[in-house]
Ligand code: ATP
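What follows is one chain in structure tokens, specifically the form predicted on its own.
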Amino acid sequence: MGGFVRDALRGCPPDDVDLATSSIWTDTERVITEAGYPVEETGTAHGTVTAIIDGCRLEITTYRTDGTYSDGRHPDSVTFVSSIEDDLARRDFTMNAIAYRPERGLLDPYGGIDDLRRGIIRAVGEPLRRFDEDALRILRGCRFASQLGFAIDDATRFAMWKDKTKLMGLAPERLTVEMTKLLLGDHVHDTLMTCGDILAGFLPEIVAMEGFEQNSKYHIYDVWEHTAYVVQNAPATPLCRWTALFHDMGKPASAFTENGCRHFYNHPDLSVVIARGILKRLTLPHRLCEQILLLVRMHDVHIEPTDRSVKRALVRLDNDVDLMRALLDVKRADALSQEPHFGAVRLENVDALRKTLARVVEEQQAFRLTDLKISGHDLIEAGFPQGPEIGKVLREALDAVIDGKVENERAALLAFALDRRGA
């Protein structure tokens, strides 16, 4: 039932298997255990156990109805019932309120199959009641739109918009998971454009971007639609898609108009400030957050397609080749979302940078301290005292190698180091 049936009807392989039964969970556990399969008591307060059969995890829940939701997430009480129809009545959207039993076929009391055919996301019953029960359903509706390319039913969308501020009261972990899934969706551009006013319930920073015209020869979209296209055009990874969402957030605050043309000097720095504030409210991994902020800061930096410039960029990117590739992916997405002629010029630059980066990596050119043909141990043997001067001289040696002033060869580097000693 639920997502399993929905995905099966769409011809998509389901991610998980959810079963429902009239049996109370203790009877379910007993029967499965007696059959020789392990069972985990994963949510017995709500009538749920999980059976592991042939390596597949099957979540099995007793039919139930929910009481009031004081916290907007968990029911204050649940009542176990004998009717699958009563159980389906508590589901979020009609496409998730379809059950299947081999002997009886499909059970679809709320028209979910027709909504699937029409590509409609519609709440089960009264939309406001569904969202009062669990406000995360508001964001889930947007996420389904991004993943499936479905439209949201008007009454459902109005209720999502009306209750959007309830998103602020949800656990950051839940918001982070759902928003990341939304950003990774195949139809994310359309969802950001149609649901931006709903997402503003927990991301108010996007409001300034909506309808903010760029009035520039480099752009044909306002800041929000440009952002939506950049997200869509970026690879579907959390790093690239979150970076794309944040990359121009500082534009409205940095804008000034001169001779009818808007300029956004230093907008990446403001974007970083805004993005950092949002990331503190979410629960993305710390390392991923730092990488996102670094790419936001560097997304508009012009890099010449030369060995020296690419290696300098790598130094700024923590010597991380994969992070450099991600930066180029974001730059490509940005270029594809700009005025076509100007964007084409930027795309040529990105393509040239990719070739240069590949050559730098293939030739094992030096851009990290560990790439140098000397080490701190060599400097100590040459008479340098242990201390911070060794690191300073090694960094200067790396700069000289990157700039082509010194060969990355032990004798030449030692001569350079001795010349720099005490400088």
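Counting begins at 1, following the sequence as shown. Quick caveat, the model's predicted, so the values are computed rather than measured.
There is also a form predicted together with the named molecule; it is not shown, and the following applies to it.
The named molecule is not drawn, but in the predicted bound form it has a heavy atom within 4.5 Å of Arg174. Shown alone here, Glu407 lies farther than 4.5 Å from the named molecule in the predicted bound form, counting heavy atoms only. The closest heavy atom approach of Asn96 to the named molecule in the predicted bound form falls within 4.5 Å. Taking the partner from elsewhere, Phe246 is found to have every heavy atom lying beyond 4.5 Å of the named molecule in the predicted bound form. Across the options 345 to 353, 225 to 233, 205 to 213, 139 to 147, residues that bring heavy atoms within 4.5 Å of the named molecule in the predicted bound form belong to 139 to 147.
A heavy atom within 4.5 Å of the named molecule in the predicted bound form is found for one listed residue only; from His219, Arg332, Arg91, Lys164, this is Arg91. Annotation for 2 to 24: interface residues with the named molecule in the predicted bound form are Gly2, Gly3, Arg6, Asp15, Asp16, Asp18 [heavy atom within 4.5 Å].
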